[in-house]
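Both blocks below hold the same protein chain, though in two forms, and each is given as structure tokens: structure 1 and structure 2.
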Structure 1
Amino acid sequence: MRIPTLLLRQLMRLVLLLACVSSLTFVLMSNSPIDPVQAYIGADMLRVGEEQRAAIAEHWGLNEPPVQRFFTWLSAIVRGDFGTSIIYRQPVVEVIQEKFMSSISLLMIAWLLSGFIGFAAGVAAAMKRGTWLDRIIQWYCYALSSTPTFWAGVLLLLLFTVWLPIFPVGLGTPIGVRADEVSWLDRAYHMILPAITLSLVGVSHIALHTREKLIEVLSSEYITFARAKGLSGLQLVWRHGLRNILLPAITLQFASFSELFGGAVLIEQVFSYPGLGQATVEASTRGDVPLLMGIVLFSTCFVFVGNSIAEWTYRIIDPRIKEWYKHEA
């Protein structure tokens, strides 16, 4: 199939998916016992009269039947209007954009780090199969999958800000400085610890996968022959092993956007990092329905992009190699 056709089909899938997720979300929300007006008013309850409440409900169209509300909401979304965030008093799109911009560097660094570290650890474990190094790496990966992400964050926070005060106690920016005056160095400094935590949590899947694949490759006939040619050790793995395991690893890493986003929600909460994850938590604890719905749809797109790239890595690379991978799978 040609690339444009594929792109179009992928786009169709996204639209269908978003329609499904948004109707699911809407059904959930409209059956929710939470009163959006009350959530909006919050602490000002006592000072707001009955008429004002009715006016707010009217303004949001809360008195109309759910189906009509759904289509009003849907048509607004199609026009790119996700409504106004209650907490930030700003259009949802702007809030998400701003918060995501703040999160994206954290996400990218953690994603790259976990990919590299996990891949390297997997290769090391497979090459030293059966040794203490292999056992430690495996044990670490399994232990990590049982560790609550946020607890790992709390422990690192405890370690690096209280016992060994190297890093600041969170907050994306120093206190008392306006957001636009913060230098990138300061930002980076505040981002290191959350990024490291998020990446440490993400290595286990890729490391175990890489280890298993490489062990499989190392027992293959072409590796035996490469050894007969006199290759050994790192040279052997570099020339004959890596190209055969790299692509599945990259694919897996792209398919992990869902865990990455979930991890960011928890880690941003632990380190009070002002990103999209924290906004998700705030939206839910403070009843910001439009923002929460916006974030649900946005994160779905985020995961979809990752999964699509994962599927597409096979098409993007050399078609001849693609043939072989397809044959193997």
Structure 2
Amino acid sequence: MRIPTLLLRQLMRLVLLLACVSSLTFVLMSNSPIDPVQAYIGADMLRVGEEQRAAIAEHWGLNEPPVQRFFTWLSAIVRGDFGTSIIYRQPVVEVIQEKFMSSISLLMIAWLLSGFIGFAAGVAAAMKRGTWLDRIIQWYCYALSSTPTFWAGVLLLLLFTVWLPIFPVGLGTPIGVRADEVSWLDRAYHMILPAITLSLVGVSHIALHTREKLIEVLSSEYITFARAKGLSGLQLVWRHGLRNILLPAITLQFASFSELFGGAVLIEQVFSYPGLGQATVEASTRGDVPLLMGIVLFSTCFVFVGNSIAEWTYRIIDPRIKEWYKHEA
């Protein structure tokens, strides 16, 4: 199958996915009990009359039928206009850009940490199968899998900010410091604990899957032959096992983008981190449909691109997949 054909097929899948996700999100928001006008007015609700409420609803197009609002929004999206956020009163694109720049470092550090730690833990557990190290790693992974992300965040916050005041309580920058005076060290210091907490989301899956895959590889006949030639330990894994266990690890690593986005929503709430996750919660709880729809489209594209990168990486790592593509062509 030729590369242009693959790209066209992936583009069609992305368009279909965006259509389904945006439609479902709009239906859920339209049937939400949250009153966008009341959320927009906030504490001044008692001082705003019916005429003013009607004027606000007309200004934001909230007095139109849901179907008409959806197609109005869709036609604006086709023209490249994502609308204006009701909460921030800024263009949706600017809000997403600002919030994403705060979240991208957090997401990437957590993504890299979960991948490296999970892969290394899985390899160590498989090489020391049946020992105390293997049992500790398995217990650790099972405990992580059954632990809600927000609860782990609260525990780490309690441990490292209350009992051991090593890290700040929350936020993305120090309190009382002007934005132009905040250094990258201040931002990194405030990001360490949220990034570590968020990385816990993907460690257990990658570690357990890598462990099982490496145990299967180490039980194969060609590994027995390699051991007969004198290879052992890391040298054996590096030469004969790495390629076989790397592909499933990459699969889980790129598939964890969606989990990271879901975890970021909770973690940014726990640590009051001003990123895209916190903006998602605010948009959903305050009826900011343009902002929420823009975030949904952006996050869907982000996750889809991550999965596509994994798919193209397979072709480089695994020669069997390259031969399959040649055969399909």
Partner chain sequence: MKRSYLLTIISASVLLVVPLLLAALLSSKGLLSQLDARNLSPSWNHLFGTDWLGRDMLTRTMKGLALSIGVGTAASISSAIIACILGLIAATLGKTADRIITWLIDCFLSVPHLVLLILIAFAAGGGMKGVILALALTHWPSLARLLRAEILAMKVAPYVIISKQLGKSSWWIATRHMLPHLLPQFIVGALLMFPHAILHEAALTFLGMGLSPHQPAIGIILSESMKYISAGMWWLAVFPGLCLFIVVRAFDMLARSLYSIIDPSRARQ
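Every residue number counts along structure 1's sequence, beginning with 1. The structure presented is a predicted model; accordingly, all values stated were derived computationally and were not measured.
The form predicted on its own corresponds to structure 2, not structure 1.
Taking the list 251, 192, 269, 74 and the motion between structures 1 and 2, the hinge point where C-alphas stop fitting one rigid part best and start fitting the other is 74. Two rigid parts move between structures 1 and 2, and the turn of the smaller against the larger, rounded to whole degrees, is 10°.
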